[in-house]
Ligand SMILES: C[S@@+](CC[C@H](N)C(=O)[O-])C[C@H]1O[C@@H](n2cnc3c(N)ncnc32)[C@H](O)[C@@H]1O
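As structure tokens, one chain now follows by itself in the form predicted alone.
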């Protein structure tokens, strides 16, 4: 993932209209490699012999280069290859496979040629022509039963990724999903009477948003979709379905374009995803600032004294410190609580706040003498809570009660 302080916010291949694809691909790259390493290193214990990646709407789109470097196809193959090699060096030998599905004939021809000439040695990759929905059963058969599978579902429309359409895949065990919830399209359609039935099928239930606008409308549509997707995830041991998301804004306007919805059944997945999303948040802000600056310069014909970083508000979009502090105080009001992996994932999912927001607020409360970490032997300026493994015990002080 790029350094948020780097002035080159967007690679050339993503300029002139593809900036949002860059955000999407950065998330895919940042999370997928970490995920496959975690699963791969635990594969013996989990009984997993294969790692599978499935791109349900592969393209390629808007990249005419021979190496297709700015497509999810090329990026995913690079990630799979790096993961396979790193796992091999650690003594973990797993089969790594990739499946790319595309119904557009011209795009599929390019896809096939690329896979034939560019697939790294040691990766089993194949492309299928056709409609993703019609191929769902075949996709599940391809995945088999001993593989962990990651599904990247990034359509050009919205109806194909409705809850009902995705249900057969969602019910597969040992799977995670990254789905593009095309909020801009869904929101504009949700109030049209002729689309009510289709929107209900897409969301998994009927909702009334006719009198809702802005954040309230966005929250209801997004959370309804997430809730009903999670409902179809299998229960794996003690783990239930979980969801997180990344909000991606329009390149220039102050409104959401889409949300990248993440689904898992493991609390660590939620935490890792949100940590990567927090890093990506700063990258997204720089991308938008750079895009706006280029538009201003093109319109005025003159340059600007300061670079795009001067227009980035690092705190924008984060929960306010006082709000998160109040949440912690209420959370700990009933007495000592141990906050480990599962509990911390619950906090993130319940609020949609970033991990850093919780850590900063907790650190502030500890410094103010209102909360103590019973398991910390020294002050930790950046990470006052270690949630890993069994976690740590937090307690309000007498001064906070």
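Numbering follows the first chain given and starts at 1. Keep in mind that what you see is a predicted model, and the values were worked out from it rather than measured.
There is also a form predicted together with the named molecule; it is not shown, and the following applies to it.
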*Counting only non-hydrogen atoms, which stretch in 272-280, 70-78, 213-221, 200-208 is within 4.5 Å of the named molecule in the predicted bound form?*
70-78
*Have a look at 262, 152, 114, 148 for me and say which one sits with a heavy atom within 4.5 Å of the named molecule in the predicted bound form.*
152
*Just one of 57, 353, 36, 344 has a heavy atom within 4.5 Å of the named molecule in the predicted bound form. Which one?*
57
*Indicate whether residue 130 is a 4.5 Å heavy atom neighbour of the named molecule in the predicted bound form.*
yes
*Report yes if any heavy atom of residue 141 sits within 4.5 Å of a heavy atom of the named molecule in the predicted bound form; otherwise report no.*
no
_With the partner left out here, check for me: in the predicted bound form, does some heavy atom of residue 101 sit within 4.5 Å of the named molecule?_
yes
*Can residue 184 be called a contact residue for the named molecule in the predicted bound form at 4.5 Å between heavy atoms?*
no
*Is it true that 25, 61 and 156 each have at least one non-hydrogen atom within 4.5 Å of the named molecule in the predicted bound form?*
yes
